[in-house]
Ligand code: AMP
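Before any questions on how it binds or moves, here is one chain, the form predicted alone, in structure tokens.
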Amino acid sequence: MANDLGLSLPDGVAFPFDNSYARLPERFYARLAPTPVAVPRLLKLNLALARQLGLDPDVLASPDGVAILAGNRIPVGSDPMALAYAGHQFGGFSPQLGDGRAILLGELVDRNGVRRDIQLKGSGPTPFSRRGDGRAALGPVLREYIVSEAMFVLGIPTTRSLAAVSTGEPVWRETELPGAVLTRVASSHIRVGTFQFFAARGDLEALRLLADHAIDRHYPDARQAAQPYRAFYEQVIARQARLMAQWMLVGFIHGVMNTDNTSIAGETIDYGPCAFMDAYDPATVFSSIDTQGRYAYINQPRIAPWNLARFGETLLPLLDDDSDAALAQANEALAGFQPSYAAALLAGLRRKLGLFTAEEGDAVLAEDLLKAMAANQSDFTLTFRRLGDAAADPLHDAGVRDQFLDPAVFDAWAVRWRERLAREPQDGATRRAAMHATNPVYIPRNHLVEAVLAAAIERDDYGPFEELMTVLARPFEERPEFAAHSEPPTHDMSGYKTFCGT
């Protein structure tokens, strides 16, 4: 059996596709099939996610299923396409970017009634590849699988990873590397850059169609507002504000916050040079291409509203026929980012400190701890985790003091913290349980991720990958057998760099 793209359709592999984006005009995308690979091999299948999507994991793991996940076959109902978008990259605008190495197979509605995109990343060249090979190396595919699934379990909105497949073919970056394809699941792949693509062309009809599609898909209640497009803009801003706070609360650094990597759905998307901090340093940058620190940890909540301002510019013709009135509306909406972000961040910091009520001095108390952590090279994750034990019993202060070069700094701050805790109604055990439920003990630490990638790339050994995924699946639950996964690196990683993999 074959479809109009000339690729065979496997029997018994059913994706219940309902492809709404494909019903938009053809200038929104380029229709094409993935480029087949030589020897596809399933490396990892996300069984729970497959079931949530209404897919049979056993069928997906079969040769026919793996052929789909590799891009060698197209399932019935698929309408494969590469999406068009533009974007500001490190502040410079590119009017045409698009999916240069990814193809959207289609959309399906999962068991919870949520519409999801199914996309292959590393599936070959497209009209948007800009002289690239359209492929992905194994290392970036595994990194995205690890980090995106870790973010999901931490409760942070994110795209997810359904499967990783090796291709049996090399890709060339600085050196020859094994190739792979990631199957990514997203609420959608609509980005700020998608709107910029049409705004740059003065295509008002497309902008309106795209905005209406995004509203219907992600913000249907905005349709009932007196000014639907303003309500849409405000809700995107609110989601991005919350997302930035969630990133900051776990020490996550995205690394490449371009407008084409800013999701309208408010999900973390495009895990390239991403990483988590070990020692707390607000200026931390890992990305090898971020030489000026534009996307440093501390700059993330500043870059997000900059990106959203670019989004607002695309919406001006929809907000009001009068350009001055439209600009005023956009600025009023954007002004809501900072208070929304600050409120979400402070609420999260209160939870991390074991505070159930709100007092005026809480922000200063939290900020003073962070300043002390930065000055003392305290491990971000372990300091907050062990603070939960200290909240239950001062005898556990030693675990927190160990994180400070000068433990007396913590002692001085802890006096104020305990005075604040004394005004809370909860007992120590309740407070500790609540703090441990928000402060993870396990994150994808960089030295562990690098060890996993090295084992897979250099030795074709996926045991470390599977073990790390097992640990990260329950990040808030301490397990003695995995104690080493909670510890920072024993060797100096001050020069550690991450790479996009493109």
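What you see is a predicted model, and the numbers here were worked out from it, not measured in a lab. Numbers for residues come from their place in the sequence shown, where the first is 1.
Keep in mind that the form predicted in complex with the ligand is missing from the display, and what follows is about it.
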{"item": "Residue contact check: G91 to the ligand in the model of the complex, 4.5 Å heavy atom", "value": "no"}
{"item": "Contact flag, D133 vs the ligand in the model of the complex, heavy atom cut 4.5 Å", "value": "yes"}
{"item": "Contact flag, G98 vs the ligand in the model of the complex, heavy atom cut 4.5 Å", "value": "yes"}
{"item": "is_contact(F286, the ligand) in the model of the complex, heavy atom dist at most 4.5 Å", "value": "no"}
{"item": "Single option in D379, D290, E107, D260 placed near the ligand in the model of the complex, where near means a heavy atom within 4.5 Å", "value": "D260"}
{"item": "Answer option from R351, R173, K371, R401, heavy atom within 4.5 Å of the ligand in the model of the complex", "value": "R173"}
{"item": "Triple contact flag Y85, S129 and D270 to the ligand in the model of the complex, non-hydrogen atom at 4.5 angstroms", "value": "yes"}
{"item": "Candidate stretches 107-115, 174-182, 322-330, 260-268, one within 4.5 Å of the ligand in the model of the complex by heavy atom", "value": "260-268"}
